[in-house]
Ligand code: BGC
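Heads up, the chain below is alone and in the form predicted on its own; it's given as structure tokens.
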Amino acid sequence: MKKNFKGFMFLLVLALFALLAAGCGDEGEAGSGSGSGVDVGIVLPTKDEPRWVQDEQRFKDALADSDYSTEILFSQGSSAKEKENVEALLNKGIKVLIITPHDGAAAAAAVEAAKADDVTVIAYDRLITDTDAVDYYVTFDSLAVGAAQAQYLVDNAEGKDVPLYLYAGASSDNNAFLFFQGAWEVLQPKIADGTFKIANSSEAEALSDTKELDRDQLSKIIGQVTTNWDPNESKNKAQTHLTSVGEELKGDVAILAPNDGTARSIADVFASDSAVTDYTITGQDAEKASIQYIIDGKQSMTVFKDVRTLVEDAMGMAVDVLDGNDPETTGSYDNGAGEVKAKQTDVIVVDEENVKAELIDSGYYEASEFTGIE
């Protein structure tokens, strides 16, 4: 009897050991990679903007056949939550962190914690500033985005003294400065020669003879016209601006809107003012709702940044790091603490003339997702 009991206990211990081993093997099921923990942690800024939900899906698509395990977390517009997310991923043993900061400067503490754990940090689409803890930066050419938006306004301006309404992204986002800088360098000569008349920024008016603005000068203008990437704030600001100007600053107008979410809100306000006879308005991100606005003639253009390519670049970098290789880069950005190696992705201007070719025929969207497209 004792012999049988010992045999039973031995078998029970073996069974428990097998179960524990199987449980350990299930960690990081997102990919087969290391077999434990998470290899690549991805932190995105918010689920409240369609752009980042699209990115989440693109990452999932890109990782479907990956050999490495991953986890995607959202910070919901909070730098504190962002730091918590990074700490949670560090606790899971990540080797690479891909992060889009909510606030470029505030994110420094989070990535410094990652660097202290020997984690490679890749800033995704937004640069993290004032720290040497960022290894790489994957981005669209933000200066080129702003320049493309501004050039579209220039190409569609007729006559002189066209009222120009300026709007910018969040002052906490380094990209907002780059977008606006790229736009300003194209617009300023046309402001100086009288093609455009600034309608809603005394700071921009005061600097209308200065083509190359420094950071402090950009901050002054952006401080007046920031939307904080918030459609509601954009709507309120546009209403305030139109209420405060006279008829001479209405009629046919040009509007520099920083992205699609703000563009739709601002466009709705301008469309509702009977003294605005026509408007040309910019955007970026090629959000579905804005593509429908373009088809319907309610938004003039968007800058298409193919997230598929950006995700591929980011994941390609991460895999290179995990495989012990040096990632390919195409340039660098000064983040205030040094030069960060970067890989840039090209952007495409989309309006009603090429929307089908660039977004439907390319397979980015399905024609069935829109009405009125031919």
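Since this is a predicted model, take the numbers as computed values, not measurements. In this text, residue numbers run from 1 along the sequence as written.
The following text describes the form predicted together with the named molecule, which does not appear among the structures shown.
This chain lacks the partner; the member of Y152, W229, Y136, Y167 within 4.5 angstroms of the named molecule in the model of the complex by a non-hydrogen atom is W229. In the model of the complex, the named molecule stays beyond 4.5 Å of every heavy atom belonging to Q299. Though the partner is left out of this view, K237 does not reach within 4.5 Å of the named molecule in the model of the complex, counting heavy atoms only. With a 4.5 Å cutoff on heavy atoms, E56 does not count as touching the named molecule in the model of the complex; it lies far away. Heavy atoms of Q284 reach within 4.5 Å of the named molecule in the model of the complex, making it an interface residue. No residue of the trio F180, E185 and T280 has any heavy atom within 4.5 Å of the named molecule in the model of the complex. Screening 189-197, 270-278, 80-88, 169-177 for residues having heavy atoms within 4.5 Å of the named molecule in the model of the complex returns a single hit, 169-177. Of the residues in 50-68, those that come within 4.5 Å of the named molecule in the model of the complex through at least one heavy atom are, in sequence order, R51, W52.
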